[in-house]
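The form predicted on its own is given below as one chain in structure tokens.
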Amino acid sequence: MPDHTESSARPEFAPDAFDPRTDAVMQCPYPFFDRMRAEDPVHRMDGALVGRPGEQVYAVTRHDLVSQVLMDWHRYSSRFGSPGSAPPAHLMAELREIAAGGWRRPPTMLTADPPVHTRYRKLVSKAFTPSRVASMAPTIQRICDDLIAGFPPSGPVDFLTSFCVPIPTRTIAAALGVPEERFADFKRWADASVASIGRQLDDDGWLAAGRGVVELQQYFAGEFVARNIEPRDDLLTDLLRARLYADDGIEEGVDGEPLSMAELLSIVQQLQVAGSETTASLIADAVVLLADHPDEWDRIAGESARATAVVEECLRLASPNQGMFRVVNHDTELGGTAIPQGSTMWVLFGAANRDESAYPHASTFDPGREHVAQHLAFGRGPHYCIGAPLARLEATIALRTLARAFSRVEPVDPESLRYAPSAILRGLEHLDVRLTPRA
């Protein structure tokens, strides 16, 4: 069974031999993170190990140091380019030809620094408001109810494909105005957008991902044109209408300007990715964790508010996004390690969230712990995940709905569970569960 709650075993490895591509790290990175945090918290490694060949990467594992990097955008820039692995040189010409059918993706929220990042974030915040997110609750509840109603009357359930994945995919698709008959395409496009993040693809995989991203762009470009002609009450129309003005505290020269088509498409792609794979992984990991804590499962059924705390503790322990990159703007020092300008920082949320100095008994599942929501699963600082409220809402409704319908949701074969081969996006490859309906 995947190790969520214990990481006491000390792996037999020298810190300078840490390789996140190995199966041992993919399946349970936490013992490795524990040792790195204790012995080498700013760990120098070959960038090729995380899909960034030719770069010198420093993996940061301590909570205080990760927080320091995330808060200091002047020193540690988010202009790191794509979070995905670099494609092989022999495919570059063909991939460029495919990409020519779409729009070149500009740096927006994920890969820009203030004040450019501030403009995009404020514009998206005007569309992705708390009231807009809260208004999605009935849709999420209806999706959960419909999915449970579709479970087979007996036998195991393929929980990833039958429940975890459809919830965030259908929710963000509905928010973006995608009709139900295009949900399968929307999921395929989301998969294409994250295909290379922390993973190594074969040639066919690279080409399929490139085509999928262009298909997404072409579809939503058409939708934005349609919204210009006939606005709707949806997120796409909100993005089209969003403007920043001088009293928003923006930089000079963009007062009242809308987003360009390339910017709109880049933001849609980021919302789609943020609203799909990581939330699905969170729900799946939560169910696995709760299978070992049936008392918490029963509390969720009887105390609606308990689900909120459980989701936060699952976010800390599971950390579906294990980490993100930053680029060093000038020679600096972090945790006693000298870091030259141009180096890449790999800030590991998954390691920081298991730091005993920040979370006593960090490997223990404890939704009642003090300040349970103060984790780094969504990052920190200017780039704190804008989709965090929606992910929390989806996971909370999903767990409440399941706990009220079933007295137990348990993996059929816990020992067979495996995580997909990605050093960044941590999620189960499969999850068959056995359901026990409530009497």
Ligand code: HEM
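Start at 1 with the first residue shown and count on from there. Worth saying up front: this structure is predicted, and the values here are computed from it rather than measured.
As for the form predicted in complex with the named molecule, it is not shown, yet the points below apply to it.
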- [ ] Counting only non-hydrogen atoms, choose the one of 265 to 273, 147 to 155, 211 to 219, 96 to 104 that falls within 4.5 Å of the named molecule in the predicted complex.
- [x] 265 to 273
- [ ] For the three residues Leu290, Leu402 and Leu435, verify that every one has a non-hydrogen atom within 4.5 Å of the named molecule in the predicted complex; reply yes or no.
- [x] no
Task: is_contact(Pro367, the named molecule) in the predicted complex, heavy atom dist at most 4.5 Å - done: no
TODO: Check whether Ala391 has any heavy atom within 4.5 Å of a heavy atom of the named molecule in the predicted complex, and answer yes or no.
DONE: yes
Open item on the list: Considering non-hydrogen atoms and a 4.5 Å limit, does the named molecule approach Gly387 in the predicted complex?
Closed with: yes
Task: Close approach of Met324 to the named molecule in the predicted complex, 4.5 Å, heavy atom - done: yes
- [ ] Could you check which residue among Met345, Cys164, Ala351, Leu315 gets a heavy atom within 4.5 Å of the named molecule in the predicted complex?
- [x] Leu315
- [ ] Go through Phe128, Phe159, Phe186, Tyr359 and name the one with a heavy atom inside 4.5 Å of the named molecule in the predicted complex.
- [x] Phe128
- [ ] Between 110 to 143 and the named molecule in the predicted complex, list the residues on our side with a heavy atom within 4.5 Å.
- [x] Leu110, His117, Arg121, Phe128
